[in-house]
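A single chain, nothing else alongside it, follows as structure tokens in the form predicted on its own.
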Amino acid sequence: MKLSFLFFTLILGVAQMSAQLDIKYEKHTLPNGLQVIFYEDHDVPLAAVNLWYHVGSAREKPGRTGFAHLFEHMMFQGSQDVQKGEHFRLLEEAGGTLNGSTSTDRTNYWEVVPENFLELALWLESDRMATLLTSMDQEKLDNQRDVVKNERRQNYENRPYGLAWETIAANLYPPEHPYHWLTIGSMADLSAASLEDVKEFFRTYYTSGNASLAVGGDINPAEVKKLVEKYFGSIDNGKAVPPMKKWEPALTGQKYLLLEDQVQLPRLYIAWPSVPEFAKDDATLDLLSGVLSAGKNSRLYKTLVYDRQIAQDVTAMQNSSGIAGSFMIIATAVPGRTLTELTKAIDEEVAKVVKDGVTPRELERVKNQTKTSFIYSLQHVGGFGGVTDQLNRYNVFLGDPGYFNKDLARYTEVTATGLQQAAKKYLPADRRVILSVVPKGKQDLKAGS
């Protein structure tokens, strides 16, 4: 399969450090509020459908968590004209692929099909948007509730280090903050959810007026627009969903937390409140995480894993979401080492960045890595991170589907001085959450006093 001309152009752009992405699209809004984006790419006879609902776990309320993720499952349980399991069967028999995911701030569903089956994918998405409630009953809810509970057991309760993320979220964000709980929800809330609770959540958020649809690939936008109007045009737009306010929590000191778990090696988690996605300093903190841990030449890897050999792995990341963000460093100790040692070594490396900054070569390296990763994702017209997914991401969060070049510019414009200032501002040693996950009975390995 040949790569598109666009892809070769983008790779050349990375080499020249001046890539300009020429991704042409059309955007229309139907009378019922559904925003529709069309993108043509005729290199491969495939079509992609990507639908975002602007709802995630942040729209839930204490005592009623896990609903957004539950609907990721419920949306495949059949609707008025599609029986349970038929959504998968029809698309897979057509040679297509499909998936969905839920985050704090959005839920998305996508299909990639041979272009002659595009109408099938559009019909399936429209049918469940319009008629899911007509076929939702207690049996389906109970079935998928059990599936989600089992998923929680597998990925959290019964997985080594699995409860770390939930513990950090609960301590980094206050109880009333929408990020205080994980997308998976709690067992108690899932058990307590009634059929009417779940239906009301769907009526509120899974509407045409709260959705963005991107259709791309080997398509004729004029023809696809008619199909979209045919299948989605009569769907009720629902009540307007108010935007969420940015809420960046502040810590007044250090929180030392401890979990004993069925693990062999102790693991350290350090988390600081940072900034939301696309906010000032978001890209800078992304690049800072790369300087600290991306690759074997990164500062933390070289010091902790290679030189001092006190950790077997280390990762830094800027977790930015719609209304808030966090910066995290995670490191697993080697046998015989404590998390206090790891904390001290990490603090020393962060302090060096604050005091002396980073080198031009370090900054250029992480900028190149970021650009390359971004451009590689655009090889794909559909699926997670593909062009249609990015069009929806920019449209939902920024109202600008064509934000590609501005997004890259956020990174290319970061300076070494800006990175040094961000480290000083957002990674103070006296305001953070420090979680130690240690083997049962090995509390002496934890960080702190």
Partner chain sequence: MRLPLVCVFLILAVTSALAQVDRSKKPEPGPTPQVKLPKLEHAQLTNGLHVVMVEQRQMPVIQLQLVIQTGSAADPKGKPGVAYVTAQMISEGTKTRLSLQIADDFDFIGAQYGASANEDGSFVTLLTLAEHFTKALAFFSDVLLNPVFPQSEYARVQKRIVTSLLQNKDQPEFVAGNVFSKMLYGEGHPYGEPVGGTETSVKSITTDDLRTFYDAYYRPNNATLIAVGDIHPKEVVAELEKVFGAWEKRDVPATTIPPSPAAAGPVIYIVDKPKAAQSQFRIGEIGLNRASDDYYRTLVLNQLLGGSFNSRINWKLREEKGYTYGARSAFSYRKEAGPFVVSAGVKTSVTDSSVILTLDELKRIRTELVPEKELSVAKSAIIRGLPRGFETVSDIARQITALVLYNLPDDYYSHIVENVEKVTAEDVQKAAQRYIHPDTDAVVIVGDVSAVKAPLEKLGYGKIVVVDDQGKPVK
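It should be emphasised that the depicted structure is a prediction, and the values quoted were computed from it without experimental measurement. Positions refer to the first chain, counted from 1.
Below, we turn to the form predicted in complex with the partner chain, even though it does not appear here.
Participant: Just to confirm the contact call: exactly one of 194 to 202, 243 to 251, 170 to 178, 260 to 268 touches the partner chain in the predicted bound form at a 4.5 Å heavy atom cutoff, so which is it?
Facilitator: After filtering at 4.5 Å, what remains is 260 to 268.
Participant: Note which of D81, E223, D137, E348 lies within 4.5 Å of the partner chain in the predicted bound form, where distance is taken over heavy atoms; exactly one does.
Facilitator: The residue in contact is D81.
Participant: Between the options E341, E166, D286, D127, which residue brings a heavy atom to within 4.5 Å of the partner chain in the predicted bound form?
Facilitator: Result of the distance check: D127.
Participant: In the predicted bound form, is there a heavy atom of the partner chain that lies within 4.5 Å of any heavy atom of I23, even though the partner is absent here?
Facilitator: Judged by the heavy-atom cut-off of 4.5 Å, I23 is in contact with the partner chain in the predicted bound form.
Participant: Test of understanding: in the predicted bound form, would R89 fall inside 4.5 Å of the partner chain by heavy atoms?
Facilitator: Yes - in the predicted bound form, heavy atoms of R89 and the partner chain come within 4.5 Å of each other.
Participant: Can you work out whether L132 and the partner chain are in contact in the predicted bound form, taking contact to mean some heavy atom pair no more than 4.5 Å apart?
Facilitator: It does not: once the partner chain is placed as it appears in the predicted bound form, L132 has no heavy atom within 4.5 Å of it.
Participant: Please check if L408 has a heavy atom lying within 4.5 Å of any heavy atom of the partner chain in the predicted bound form.
Facilitator: Although the partner chain is absent here, L408 would stay clear of it in the predicted bound form, with no heavy atoms inside 4.5 Å.
Participant: Taking the partner chain in the predicted bound form, which residues of 233 to 254 have any heavy atom within 4.5 Å of it?
Facilitator: Heavy-atom contacts to the partner chain in the predicted bound form: G233, S234, I235.
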